[in-house]
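Below you'll find only one chain, the form predicted on its own, shown as C-alpha cells.
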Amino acid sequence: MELELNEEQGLLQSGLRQLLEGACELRRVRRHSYDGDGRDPELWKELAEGGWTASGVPETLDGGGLGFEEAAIVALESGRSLLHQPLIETLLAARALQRAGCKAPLSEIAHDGASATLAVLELSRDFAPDPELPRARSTQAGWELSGEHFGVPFGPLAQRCLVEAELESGEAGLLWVSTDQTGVGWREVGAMDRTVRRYALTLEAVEVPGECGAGAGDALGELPDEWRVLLAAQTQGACARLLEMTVDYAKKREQFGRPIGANQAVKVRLALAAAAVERMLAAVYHAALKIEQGASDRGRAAAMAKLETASPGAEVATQGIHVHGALGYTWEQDVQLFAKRIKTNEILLGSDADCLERVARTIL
C-alpha cells in the first residue's frame, strides 16, 4: 500500500465487499440490530468460514496472517456495510494477543471461530469520569479479576473479551475472559448507533487462566492507536456509502420538473462532501502504512486519521441528510443509520481537541 491498494489488496477489498453486499444488506442490519437482540450467528459463521474472523491470526497458528494495512481495508468495508458484528474488535484482539505472546486465545479465534471484544481504559474514559482499571490478583490457577470497564462494544454479544487490568506488580496486563462465565456482568448502556451496542462490564472475582497477563505493556501501548485508525477507516467507509446514496437520490428526486441534483447549491454540497471523503481515505491509508512499518510517528498519523474523519465525517453525514430534505430524518431512510455510526465514531478514543493535542505534542 503506497497510498493506494496493490493488486492483492484490491482483490481482498472486492471479495469482502461482495460478501457483505450479499450477506449484510441493510434490511438485515435493521432486523438484527434495531428489531432484534443484536445477535446474528449465521452472519458470523459465514465470515468465519470465509476466513475473515481469523484474518488477524498469524499463519503459523492457522490464521490469515494479514497485516495492519489489510485490517484497515476490512474496517473500510465494515463501515461501508454497517457491519453489526465484532469483526474489527476480533482483529484488534488477535493483534494484541500476538504481541503479548498468548497462543491459546489465538487458537480459539482461528480454530473455533470465536468472536472477541475489548475492554480497555482509554475507551472507558469516553463513557465514565476517571475510571479505574480492574485489579488482577495472582492465584495458583492464574488470576482473579475484579473491577469495571465502560463502553465495551458488543459486550456479551461476543464470546470472549480481552480485558485490560492492573496486575499486582502495578503494570497493566491483558486477560482473556469468557463473556458468559461466573462473575461477569453486563449492563447495556444507551447508544445512538444500535449496530454497535455498548455495555458496562462488571467483574466480581472472575477466575482467569494464567497464560496471558504480565508482559502485555507493549501490546496495550499499540492498541489505542490501531483502534483509532480502524475507527477512522469505518467512518470513511460509512461516509463513502452515504455519499453514493445521496448522489443517487439527487439524480432521481425531481422538484419543479428537474432533478434536485441540477441545482447549484446541491452540487456544491455534494462536491465538498466528495472532497472530504477523498481526504479521509488518504489519511487512513497514510496511518495504516505508518503502523504497518512501525514508524516512529505512527501515533501522530493515527491521530491525524481520526481527526480527518471525525468532524468532517459528521459534516458529510449532515449534508447527506440535508440533501434528502425532510425524508433524511425519517426512520424509513437508510442514511440516518450511517449518520449514527459516523457521529458515534466521532467521539470515541479522543475528540477533535484530543487528537489535535496529540498531533501538537509530537511536533512542538
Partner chain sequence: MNLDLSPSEIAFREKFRAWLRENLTDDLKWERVADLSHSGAWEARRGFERRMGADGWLGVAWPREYGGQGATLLEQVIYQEELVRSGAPALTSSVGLELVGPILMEVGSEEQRHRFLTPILLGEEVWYQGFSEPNAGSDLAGLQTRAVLDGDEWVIHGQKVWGGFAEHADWGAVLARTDPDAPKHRGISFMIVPMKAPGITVSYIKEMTGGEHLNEVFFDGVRIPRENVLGPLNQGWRVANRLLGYERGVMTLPFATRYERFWEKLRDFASSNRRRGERLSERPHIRAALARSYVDVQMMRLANLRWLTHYLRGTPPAEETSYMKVYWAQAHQGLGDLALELGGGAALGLPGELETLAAGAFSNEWAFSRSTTILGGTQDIQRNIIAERILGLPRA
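Numbering follows the first chain given and starts at 1. Just so it is clear, the model here is predicted, and its values are computed rather than measured.
This protein has a second form, the form predicted together with the partner chain, left out of what is shown; the following refers to that one.
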Triple contact flag 272, 359 and 364 to the partner chain in the predicted complex, non-hydrogen atom at 4.5 angstroms: yes
The partner chain: the contacting residue among 279, 99, 125, 103 in the predicted complex [heavy atom, 4.5 Å]: 279
Contact residue in the predicted complex, chosen from 205, 268, 192, 141 - any heavy atom within 4.5 Å of the partner chain: 268
Partner-facing stretch of 168 to 176, 250 to 258, 144 to 152, 125 to 133, counted where any non-hydrogen atom is within 4.5 angstroms of the partner chain in the predicted complex: 250 to 258
Contact flag, residue 315 vs the partner chain in the predicted complex, heavy atom cut 4.5 Å: no
4.5 Å heavy atom contact, residue 285 to the partner chain in the predicted complex: yes
Touches the partner chain in the predicted complex: residue 308 (any heavy atom, 4.5 Å): yes
Close approach of residue 289 to the partner chain in the predicted complex, 4.5 Å, heavy atom: yes
The partner chain in the predicted complex - contacting residues of 59 to 78, heavy atom within 4.5 Å: 69
